[in-house]
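Quick heads-up: it's one chain on its own, the form predicted on its own, in structure tokens.
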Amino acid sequence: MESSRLNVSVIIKLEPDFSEGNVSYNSDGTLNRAETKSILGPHSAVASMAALNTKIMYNADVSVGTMGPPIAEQALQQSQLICDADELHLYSDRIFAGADTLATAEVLRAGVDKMHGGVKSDIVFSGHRASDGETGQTGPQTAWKLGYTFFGNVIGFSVDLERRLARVTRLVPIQGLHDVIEELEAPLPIFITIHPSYKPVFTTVSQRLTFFKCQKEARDRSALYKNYLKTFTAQTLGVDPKLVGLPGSPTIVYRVEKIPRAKTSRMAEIVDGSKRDQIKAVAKKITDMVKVK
């Protein structure tokens, strides 16, 4: 008989922090990750929030995994701070380098199979896409390799633990129309990519108290995240070397070009709000523009 407790997995990614404005590139146009500050990807953070929701609503056991170099531990720690993860996985091996989305999905598929002590995950979450790739392919490809029912653009979900059934609400973009909201049901296990607009809402006192409890526990756990961390190589994951890294990547990125910043064509004038004459001048300009129209 299956356990009534949910086993929830999250796959995340360490991404360049483009907001810092200090992105470094190599001479061939590829990203210099060693000199570029990295953070937990914003879409991965949303997926982590979805996992937190399952922990609060269904007392789920949450595991988080990522593929990358040792520095990717930072993303796992940041995700744990959000979702209060019970287990962290880092899939790190030199032969994983140069992987496209399909080869990455193979590593993540093997990683998900290792989570929860080898017990099958009921729900796997991932972000909508990655800010340094924007393809949105890794989630669906991992779901395909796992053999899980896939739902994309999900903005809400619920689980019937007794029936082992999930109900999801998702956005379906249709050209020429506003986004269509679709509700679907499927038996567990399922794979969900979370839409960036998703935000969990806790309405009862019990849920809010559990939320605060999880927040405190997450802070304590993330401060000692290495106690929850397991690192896997290609050998310990048991993946076929021909299916990962460059050998397993049918897509090859020839070059990434930095788009030059456009020249500024607008003039800006600073107005001191404490000076009445400057405020009057601005008001006059706005009034004149309205009269012209």
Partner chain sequence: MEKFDVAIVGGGSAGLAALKQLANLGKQAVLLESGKAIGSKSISGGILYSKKPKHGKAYNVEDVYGQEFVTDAPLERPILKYILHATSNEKVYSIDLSAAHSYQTNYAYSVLMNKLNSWFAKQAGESAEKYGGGIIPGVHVQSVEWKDGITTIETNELDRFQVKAIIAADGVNSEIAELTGARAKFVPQELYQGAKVLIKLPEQIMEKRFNISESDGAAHLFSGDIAQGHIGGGFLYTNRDTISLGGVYHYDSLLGKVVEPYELINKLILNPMIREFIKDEVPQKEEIDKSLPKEEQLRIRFSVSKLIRTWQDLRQSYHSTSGTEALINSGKYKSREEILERLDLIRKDLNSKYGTKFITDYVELEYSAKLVPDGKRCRMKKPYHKNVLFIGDAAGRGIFVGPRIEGINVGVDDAVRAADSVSRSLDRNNLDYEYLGGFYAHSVDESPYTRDMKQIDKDYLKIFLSATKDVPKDIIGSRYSMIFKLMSSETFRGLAVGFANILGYDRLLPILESEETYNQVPIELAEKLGRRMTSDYRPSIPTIAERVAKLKYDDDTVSHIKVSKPTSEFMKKMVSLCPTRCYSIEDNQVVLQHEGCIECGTCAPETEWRHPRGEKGITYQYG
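Predicted model, so just to flag it, every value in this text is computed and none were measured. Positions refer to the first chain, counted from 1.
Another form, the form predicted together with the partner chain, is not on view; read the next lines as being about it.
This chain is displayed alone, yet in the predicted bound form one of 120, 216, 167, 164 has a heavy atom within 4.5 Å of the partner chain; that residue is 216.
Stretch 196-204 is the answer when you ask which of 155-163, 196-204, 140-148, 120-128 has residues with heavy atoms within 4.5 Å of the partner chain in the predicted bound form. The shortest heavy atom separation between residue 208 and the partner chain in the predicted bound form is within 4.5 Å. In the predicted bound form, residue 284 stays away from the partner chain, with no heavy atom inside 4.5 Å. Mapping the unseen interface onto this chain, residue 275 counts among the residues with a heavy atom inside 4.5 Å of the partner chain in the predicted bound form.
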